[in-house]
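A single chain, nothing else alongside it, follows as structure tokens in the form predicted on its own.
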């Protein structure tokens, strides 16, 4: 099947590329291996409406003013498709208090306006957007996994072969390793960049409410005490649940999300350690994959859960004492099944020592900002790893050295969230328009 434009992946990069090309009299196809987008757009769907989050405007070769204009376009489109109108991060007086408090504790709080759509509402929003694109003759091929890209843009899939004049590759974080393997074969230029490796924390919502009532997804940044490394909070889910990522080869990762209309008693967020490798070994993707495999190995094939009290004391959490009332461990009930989905264990044995030190330092510091974070009953899960570390050499429209092949989204290292990935789609569409 031949198309003018083929887009691999159906996340925000794909949707915004197609949306900005739909009136150009082009045949457009979107290939997706799942029933529909399985990335951040489907999972919780938080919008960070600031150039300081989700993107690197220097790498994208755009100004802050341009980024703000693109973000406004993206937000307006979400609202058109019935995104919640409630905006977080608008109480400047309270935010200033939190920023001052954070700075006094030796950390940084990134200020941003945010919109939360929720996993339940995001499904409706995506369907609405998909319907609009289909009315404008954008074709969706779901449950269609791309196996290989050939140099003449012949695309081999589980549903047959496709070909395109312009190819946009945006497979999301879960497809980052696959994309790199295709890039090697096609001789697309890239380099390794930093990777985020860490854990997910789960606490009672009342513990984190003082900050999440003001900023839905607070972005705290730390420089750690022992190693002077960078750690940050990411992807906060107020009243949400911890969940498992789809199995990635021979390991499973932890993530989290929240529904808009149904809340749990807990709030969860990621605590991520940024790692950058140089000589003699710089492959951060393989480094992260090996960590994930090791954690799963020690968990008997599953991710590990641990009480923070045990984590800070260097002790293994055990199933038989996981709800020990004498330690108040019955205060916080995990939102994952500790018998079937995760295994009580010792994260300090599973993660590299330097990462454990950095997580411990950051937890203790965060507890000074938001008291109660290191209560012994709180929960810590591993592994949580964000694979957006391979950086592809592109022009300002995200075209690679292989003419007419564009890359975008988290899996290509061009964004770190929904808004940034959608912005990638706008730039790619403009690059294709320039060639018409």
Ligand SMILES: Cc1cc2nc3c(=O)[nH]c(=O)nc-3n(C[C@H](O)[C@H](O)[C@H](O)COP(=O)(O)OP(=O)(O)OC[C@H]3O[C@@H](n4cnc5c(N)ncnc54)[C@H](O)[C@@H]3O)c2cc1C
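What you are looking at is a predicted structure, and each value in this text was computed from that prediction instead of being measured. Positions refer to the first chain, counted from 1.
We do not show the form predicted together with the named molecule, though everything after this point is about it.
Using a 4.5 Å cutoff between non-hydrogen atoms, residue 398 does not count as a contact of the named molecule in the predicted complex. For the chain shown alone, residue 307 is not a contact residue for the named molecule in the predicted complex, no non-hydrogen atom being within 4.5 angstroms. For the chain shown alone, residue 195 is not a contact residue for the named molecule in the predicted complex, no non-hydrogen atom being within 4.5 angstroms. The closest non-hydrogen atom of residue 245 lies within 4.5 Å of the named molecule in the predicted complex. None of 370-378, 405-413, 60-68, 389-397 except one has non-hydrogen atoms within 4.5 angstroms of the named molecule in the predicted complex; the exception is 405-413. Proximity of 31, 45 and 174 to the named molecule in the predicted complex is complete: all three residues have a non-hydrogen atom within 4.5 angstroms. Scanning 146, 201, 366, 351 against the named molecule in the predicted complex with a 4.5 Å heavy atom cut-off leaves one residue, 146. Comment: the named molecule is not present in this chain, but in the predicted complex one of 208, 178, 88, 322 has a heavy atom within 4.5 Å of it, namely 178. Along 220-256, these residues reach a heavy atom to within 4.5 Å of the named molecule in the predicted complex: 235, 245, 255, 256.
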